[in-house]
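Only one chain comes next, encoded as structure tokens, the form predicted on its own.
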Amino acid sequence: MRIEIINTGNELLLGTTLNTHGAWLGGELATLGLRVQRQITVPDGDAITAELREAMERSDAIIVTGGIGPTSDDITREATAEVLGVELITDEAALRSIEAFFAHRDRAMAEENKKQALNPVGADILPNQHGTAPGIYAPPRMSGDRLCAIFLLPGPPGEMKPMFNNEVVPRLKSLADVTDDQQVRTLRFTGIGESDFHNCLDDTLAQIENLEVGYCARPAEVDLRLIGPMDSIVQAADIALTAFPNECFSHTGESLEEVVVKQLMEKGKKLSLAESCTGGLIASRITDVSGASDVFTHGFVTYSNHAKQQLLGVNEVLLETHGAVSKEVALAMAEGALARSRADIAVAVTGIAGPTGGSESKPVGTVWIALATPRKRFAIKKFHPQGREYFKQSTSQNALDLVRRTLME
């Protein structure tokens, strides 16, 4: 099925708003065994009409996000009616739903909001349980010989996502004749590169019938996406896990932080963190997981040498002799976090994110990661020179993986 996504809004093209819709919709469609053949972002205005006309000629279904609000620049429903050659009429049920939305919140409804109840003749209203803008579904018959379905969804993610899951997915599955035979499974790995998979697995996986293989590389992480019948997926997963048994941290698409929190819960362990170069990113990732309060005790962000001494008890002599970015200081930070938090595991990171601050002996990208428990302590050295954002993400990934492997032992 040929699916196209049209994201609308000047703010997306100006860069003031990050366009996350395409990535999210692509992932959700992939779980159905469906593909996005094209994605485009257009400004508010006439460009929406022109793009709809073009997309209808090459697509079986179009998903449009944004442009169905109450303001003058929200013209997606008008553009759709024009392209389909039908009138817009007020849907009374949609209007009552919008009025009830405001009444429930004890707010006066502006006259402009009535515009959101307009619907192309022959199209279906998609209810919005989380906002005022109902969605619209124009079935394939409305586009004549082109037989292209059109879905109009609101721009805010909190409204778009539930509407897609509740209203769009069932219709797409019916249109595409999606069966339960098509499955999607994502295995997530860390500590290896994308090229390792290509060199080790590609030829073997290519021999499995009815299997589609895809990779997604992130800082210090590679996802292996398997699509096809369950028998083919199980066969492929077994091959990948045999080749990289220790590097796979999730068989079901969970994030590394979710896996670590789950492990800590299962083993009844507490974790504390001492962060310098990551500035609290590791703690942020841990606390993004529901239930983290049961296993995470302390997060020390000791960016300066003074903070390392004051909060973690790092000896000034160590800092002067070895420098803040060193094995000795990393170990002292981990030990200090363990002692002060009384957790079961403490992890510390100290490094040079760049682009300044490096030296010949300690270039930009150098990081030491230390782990301490009541019974052992050790530190590893890593090198991530690709920029601050990549450096911080990779370092946090390596630190979390160190906890995962320790808990596995």
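Owing to the predicted nature of the structure, the values given are computational and were not obtained by experimental measurement. By rigid core we mean the largest C-alpha set that fits within 1.5 Å across both forms. When you see a residue number, it is the position in the sequence shown, counting from 1.
A second form of this protein, the form predicted in complex with a further copy of the same chain, is not displayed here; the remarks below concern that form.
- Between a further copy of the same chain and the residues His306, Arg141, Lys267, His322, the one pair within 4.5 Å by heavy atoms in the predicted bound form involves His306.
- Of the residues Ser97, Gln263, Ser255, Thr297, just one reaches a further copy of the same chain in the predicted bound form with a heavy atom at 4.5 Å or closer; this is Thr297.
- Looking at 141-149, 286-294, 167-175, 117-125, the stretch with residues near a further copy of the same chain in the predicted bound form, meaning non-hydrogen atoms within 4.5 angstroms, turns out to be 286-294.
- Contact here is defined as any heavy atom lying within 4.5 Å of a further copy of the same chain in the predicted bound form, and by that definition not a single one of Arg53, Thr242 and Lys327 is a contact residue.
- Shown alone here, Thr190 lies farther than 4.5 Å from a further copy of the same chain in the predicted bound form, counting heavy atoms only.
- Of the heavy atoms in Thr80, none are within 4.5 Å of a further copy of the same chain in the predicted bound form.
- Looking at Ser195, you'd find a heavy atom of it within 4.5 angstroms of a further copy of the same chain in the predicted bound form.
- A residue is said to contact a partner when one of its heavy atoms sits within 4.5 Å of a partner heavy atom; Pro229 fails this definition for a further copy of the same chain in the predicted bound form, lying far away.
- For the stretch 32-65, the set of residues having any non-hydrogen atom within 4.5 angstroms of a further copy of the same chain in the predicted bound form comprises Arg35, Val36, Gln37, Arg38, Gln39, Ile40, Thr41, Val42, Pro43, Glu51, Glu54, Arg58, in sequence order.
- Once both forms are fitted on their core, a CA shift of 2 Å or more is seen for Gln37 between the shown form and the other one.
- Once the cores line up, the CA of Ala379 ends up less than 2 angstroms apart between the shown form and the other one.
- Comparing the forms between the shown form and the other one, the C-alpha position of Ala47 differs by 2 angstroms or more, with the core used for superposition.
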